[in-house]
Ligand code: GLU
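For reference, the chain that follows is the form predicted alone, supplied as structure tokens.
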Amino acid sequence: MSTTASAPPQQGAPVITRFAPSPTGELHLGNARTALFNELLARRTAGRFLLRIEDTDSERSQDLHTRAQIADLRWLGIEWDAGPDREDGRGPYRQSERGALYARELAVLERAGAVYPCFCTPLELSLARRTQLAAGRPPRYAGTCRELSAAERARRLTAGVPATLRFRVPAGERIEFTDLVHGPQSFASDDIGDFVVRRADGTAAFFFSNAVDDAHMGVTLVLRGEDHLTNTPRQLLILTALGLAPPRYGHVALLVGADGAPLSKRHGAVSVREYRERGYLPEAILNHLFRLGHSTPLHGLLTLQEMARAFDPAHLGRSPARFDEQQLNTWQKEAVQRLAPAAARSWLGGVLPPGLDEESASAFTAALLPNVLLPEEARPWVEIVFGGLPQLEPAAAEVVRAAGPGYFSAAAAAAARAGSDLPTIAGAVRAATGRKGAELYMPLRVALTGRAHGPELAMLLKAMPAGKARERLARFA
């Protein structure tokens, strides 16, 4: 069989890429990275990026998953040139609406004798697989229905015996292609076995619909997980039999946890939704994903446009990419620090007290932003700043006792005059006690917040409701 070249795209040569999720669950971090890499490659070459929903599995596909996946992609900032919500002449972009095309192409294969009906039951196939494994052979279809006579096939079909449609894999050939990541690949057709292209319920199987759609949508380059690498020879066989042009393929390393095992729920959060709900920012997630399995000399938080300019398929690695939440937190910290004031208030909005005025919200946000990675970490400080009198731990109570009533009398009097202006309060205490440095400021912090450490005290005071600072200081006078 002829080799399918998959050389890296030339700089400036536009490519058409796609992301094709199945709506059977949430958008996994690994799938989000696949979408990101394909969009970056399209943008880097001034090409096109498509979104296709592969929902032919009617039992598992749900529209609510489609809507959720699209929402997650949009939240990340990933946009497509055509998709289920942005149709063009190559659509529709839901496979469930492309049945007529699949039927036409399957009919081409049937006329060419490239496919045949298979009447084997799931139980029979399972037993055959077990027998092969027990004999030390790789499991593959044994060809039970391959040579049934036309009369026997017609008899079973007329009787209503359920049948899949299998592709007749040619014997004694090699399927070769050059993978964008893994280099030259060669597969013996005799190791593949005839595979299903149409399920018993009449819907197109993945091997078939995925390959046919890529060709008909004009996709020229596909980046996908390396778990699809062994699917590629099957899909090249299909496209060759149909006379359709295959895309170039690149199979990227899968995401694994810190222990080297495939990323799963036992490692913690694995979906975009979970990180979104915890308060992670899309910029942080994108910057971490960009560097998982893809090396770059660039440091610091990058925009999508900067990532697109820096993305290089030659820098895609073959080793498993380890997802590290600690590294994600590094990007999160930088992304939080870059938030504009209005965006920061919105990010903390879920923990701020209802009805809080804009000035107090802004002051509180400015104080907390350098000290938190996630909004939930600000919740204790909401109670400290806006709640009742803070309780003092023994060490904190000793700091207050050592300062003495005179210290707090001066502080409370200054707060009564100047409200929550820390320099005025501290200046009055300094004049009354002669204290400086930590001896001056630590008792104020402890009395006002109940804690010896925390966000900038001046900003916290500006966020406090009127009179609260004087009340907290006066109780120790």
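All residue numbers refer to positions in the sequence shown, first residue = 1. This structure is a prediction, so every number in the text was calculated from the model and none was measured.
What follows is about the form predicted together with the ligand, which we do not show.
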Can you work out which of 290, 206, 102, 331 has a heavy atom no more than 4.5 Å from the ligand in the predicted complex? 206
Which pick from 210, 365, 164, 220 sits with a heavy atom within 4.5 Å of the ligand in the predicted complex? 210
Using a 4.5 Å heavy atom cut-off, which of 335-343, 186-194, 224-232, 154-162 contacts the ligand in the predicted complex? 224-232
So in the predicted complex, is the ligand close enough to residue 21 to count as touching (4.5 Å, heavy atoms)? yes
Any chance residue 439 has a heavy atom within 4.5 Å of the ligand in the predicted complex? no
Contact label in the predicted complex: residue 54 to the ligand, heavy atom within 4.5 Å: yes
Does anything in 338-371 come within 4.5 Å of the ligand in the predicted complex by heavy atoms, and if so which residues, in order? none
